[in-house]
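Only one chain is included here, represented as structure tokens and corresponding to the form predicted on its own.
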């Protein structure tokens, strides 16, 4: 579904990503792990068209998307749930979901998708008229994922979905992500929750200083001595 080749991104004179090569197949859950500043968010923002690469190719369903606008990329089905959720805090839950269906194709299917997300997140249905900014962090993260779902994603990209959440709520969010993947959703997950992310991923990539240093099946990477020492303290 997604193939990235020789991708490099710079912030001024600083190289944020260097010569990345990776792919995501349809139906997979693929994760990128790495420390703060490794380039994970930059990668997702580049795939979304928010950041322009210095070099390289990004092909989605065998179509080159480098140079497309973020709106065009969303229209193809690449939808990002950003770090920090970025909700419209003064709008209601329902109004936030309506904003997720901004593009015409999503608007046409909004009623059906609304039923889907309310079935997946019954808590949001109960609070559809509540102001988003008054909800708990976990509920806001659910809303951010639900807003992405009404945009009709083919590839759902999640940037640190458990950031700032309690362990119990983080567990609930990751259960939702696994459930979505079990339903057939293709997911690209960025996370510092290394053990959880690799446990649930089909494949994983380790991003260090803008370079992919390791890759493999999620559970195999969990057994990698270097990863256990660097990220799990084992």
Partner chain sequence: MTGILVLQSLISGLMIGAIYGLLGVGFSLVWGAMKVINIAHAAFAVLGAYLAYALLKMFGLDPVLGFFVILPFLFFGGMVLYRYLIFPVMRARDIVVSSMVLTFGCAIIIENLISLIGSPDPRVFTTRYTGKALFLGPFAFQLPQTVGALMALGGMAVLYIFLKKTHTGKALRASWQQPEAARLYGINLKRISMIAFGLAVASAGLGGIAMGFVYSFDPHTHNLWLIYIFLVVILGGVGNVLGTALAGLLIGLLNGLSLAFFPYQWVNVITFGVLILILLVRPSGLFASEV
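Numbering follows the first chain given and starts at 1. This structure is a prediction, so every number in the text was calculated from the model and none was measured.
Omitted here: the form predicted in complex with the partner chain. The next part is about that form.
Checking 29-37, 194-202, 64-72, 162-170 against the partner chain in the predicted complex, the stretch whose residues place heavy atoms within 4.5 Å of it is 64-72. A heavy atom within 4.5 Å of the partner chain in the predicted complex is found for one listed residue only; from 155, 117, 142, 81, this is 81.
For the candidate spot formed by 25, 59 and 177, no residue has a non-hydrogen atom within 4.5 angstroms of the partner chain in the predicted complex. In the predicted complex, residue 48 approaches the partner chain with a heavy atom inside 4.5 Å. Among residues of the shown chain, residue 126 is not one whose heavy atoms approach the partner chain to within 4.5 Å in the predicted complex. Although the partner is absent here, residue 91 lies within 4.5 Å of the partner chain in the predicted complex, judged by heavy atoms.
Looking at residue 105, you'd find every heavy atom of it more than 4.5 angstroms from the partner chain in the predicted complex. Interface residues of 93-109, taken as those with a heavy atom within 4.5 Å of the partner chain in the predicted complex (partner not displayed): 95, 98, 99, 100, 101, 102, 103, 107, in sequence order.
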